Every structure is written in C-alpha cells, then in structure tokens.
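Just the one chain here, laid out as structure tokens, in the form predicted on its own.
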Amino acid sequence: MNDFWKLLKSAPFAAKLGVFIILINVFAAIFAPVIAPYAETDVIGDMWDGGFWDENAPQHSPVSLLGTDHIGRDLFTRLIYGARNTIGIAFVTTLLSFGVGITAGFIAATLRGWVDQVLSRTVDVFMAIPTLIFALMILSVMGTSIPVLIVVIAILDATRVYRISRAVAMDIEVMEYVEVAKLRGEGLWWIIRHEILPNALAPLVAEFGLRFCFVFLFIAALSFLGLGLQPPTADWGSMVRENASGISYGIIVPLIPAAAIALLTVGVNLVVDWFLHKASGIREIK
C-alpha cells in the first residue's frame, strides 16, 4: 500500500485526476445504501421536480440538488445506485471475459498446432458478427436477466481478450527461459503461471482498463436500447433513455447520467494511459 501511495504521488496530474474519479465512483457503488438519501425505487415528488435549474424548488420540493426523474424518484439516489449496478456488472463481466480470454489465448500460444487453429477459427467466427447485433439477438431470445447479460457480454468480449493475450504470449513463448522450462519437463499450467503470465501482466492490466470501459459503455448502450438492466433497477444507460423526452422541455436530467458515463470513461482512460507510460519505461524529458 505504501508503494502505491508513493507511486501515486509521483504521478502526473491527469493520472491523479483519473484515480480520484475512479475512487469516487467505487466509493459510491460500495456505500450506496449509506450515501443515498432515499431507497432506489422511492417516489418522492412530481415528474422532473426540483433540481438546481428549478427556481421554485426550495419553496415546494424536499428533493436533492439534482431533482427527480420522469416518475418522481430522487435522481441523486438513482445515480448512486446506478453506479453500483452499472460499474459492478461491468467489473464482473470484464473479470469473466479476461479469465476465459487469457486462459484460451495462453493455451493456444503454448500448445500451437491444431489447438491454436481450432480456438483461433472459433474466435474468428464470433468476431465476424457485429457485437451489438449479436448481443441484441441473444438477449432477445434468452431474456435480459443479469446473469444472462453478464455471460453474453463476457463471451463476446473474451474474443478480443483472446487475440491480445495470444499475441503477447506468442512473443514470450519463444524466449529462452520458456524453452528452459520446457526442457526441465515443466507442465503447461506451470509454464503459463510462472513464465508467461508474469511477463504479460503489464499489457494485460492496461487492456483490462480499456476492456472495462468498452464493457461499461456496451452495458449502458444495451440499457438505453431497453435490453440491459430492466426497471426498476437503476442504471445510467436506462436513466438516459427514460428521461430523454425532458430535453424537449429544457430539462437537463438525461444529461446527468450521460455525464457520469463519460466522466468515468475518461477517468479510467487517464489511469490506463499513465500505466502504459510507466510500463513502457519511457521517461519524460524535463
């Protein structure tokens, strides 16, 4: 932990800003029931009531600074619970996709031959189908429950992880220390765990951040289309869709969850850029 704080102190302002944005969102996701002033589904006012843009809010509305949504639920509360649902599902989905993609990619790079051909051609078939169309088709047939949503997106995203992990592992697999391990008679899983994975960690960690952003945005897009998280569960993408008609009346409610999506994406990318710079070993010229 001390090493992390020392590293963070030496980080540029952009990276510190990205870490701050991520920590705020993680804190909100973990402690949502404590922070939120109301329950996730409580109706506490009129449609689009209150908010800092409403001049009459202090006189007639007990709601928070952000006001209410299209059916009178507190927007601040929905935003906090949306962080828990959207970020939590995106994180679990990314972990699952990396577990599948890295395992398959390392096995293909290490064994090669027919194993590599079967796995690679299978991945090619999945990647040939547009991701959004394929997800919409599967979710329309199997339903939009959270487990189905996680598994479908994880499988689709694992194909991208497979490609990069296989490419990185193939560069490492031809190194002398891997050949020595093979000559010693080490097994497949020992070589993957002790030789390939530690040396592939830096690019894969950076890719994890990028894939998390893609999954996070993909879930928000599916929710916006009505095939992601279903009401009354709070989700930033569905919050944009539900309140979109307010734009016609000068109501900025749908822009708030959209801004939350954009802000978290920018924060993660700032940290990923910093990590890639550190992992590359390139020093800035002062």
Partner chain sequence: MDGLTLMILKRLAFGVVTLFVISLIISLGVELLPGDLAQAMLGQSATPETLAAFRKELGLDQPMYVRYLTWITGILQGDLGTSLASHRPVVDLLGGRLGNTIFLAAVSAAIAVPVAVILGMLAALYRESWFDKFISMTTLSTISFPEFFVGYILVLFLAVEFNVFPSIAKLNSRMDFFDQLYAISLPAITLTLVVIAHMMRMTRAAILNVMTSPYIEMATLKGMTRSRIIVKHAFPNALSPVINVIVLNLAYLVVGVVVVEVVFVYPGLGQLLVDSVSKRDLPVVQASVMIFASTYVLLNLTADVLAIISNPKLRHPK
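Residue numbers count along the first chain shown, from 1. Everything quoted here is computed from the prediction, not taken from an experiment.
In what follows, reference is made to the form predicted together with the partner chain, a form of this protein that is not presented.
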Is residue 39 a contact residue for the partner chain in the predicted complex, using a 4.5 Å heavy atom cut-off? no
Contact of residue 91 with the partner chain in the predicted complex (heavy atom, 4.5 Å): no
Would you please decide whether residue 23 lies within 4.5 angstroms of the partner chain in the predicted complex, comparing each non-hydrogen atom pair? no
Against the partner chain in the predicted complex, would residue 220 count as a contact residue? Criterion: heavy atoms within 4.5 Å. yes
Only one of 32, 44, 66, 240 comes within 4.5 Å of the partner chain in the predicted complex by heavy atoms, so just point that one out. 240
Candidate from 118, 188, 142, 151 lying within 4.5 Å of the partner chain in the predicted complex - any heavy atom: 142
Site test, 85, 205 and 206 vs the partner chain in the predicted complex, non-hydrogen atom cutoff 4.5 Å: no
What residues in 118 to 134 sit within 4.5 Å of the partner chain in the predicted complex, counting heavy atoms only? 124, 125, 127, 128, 129, 130, 132, 133, 134
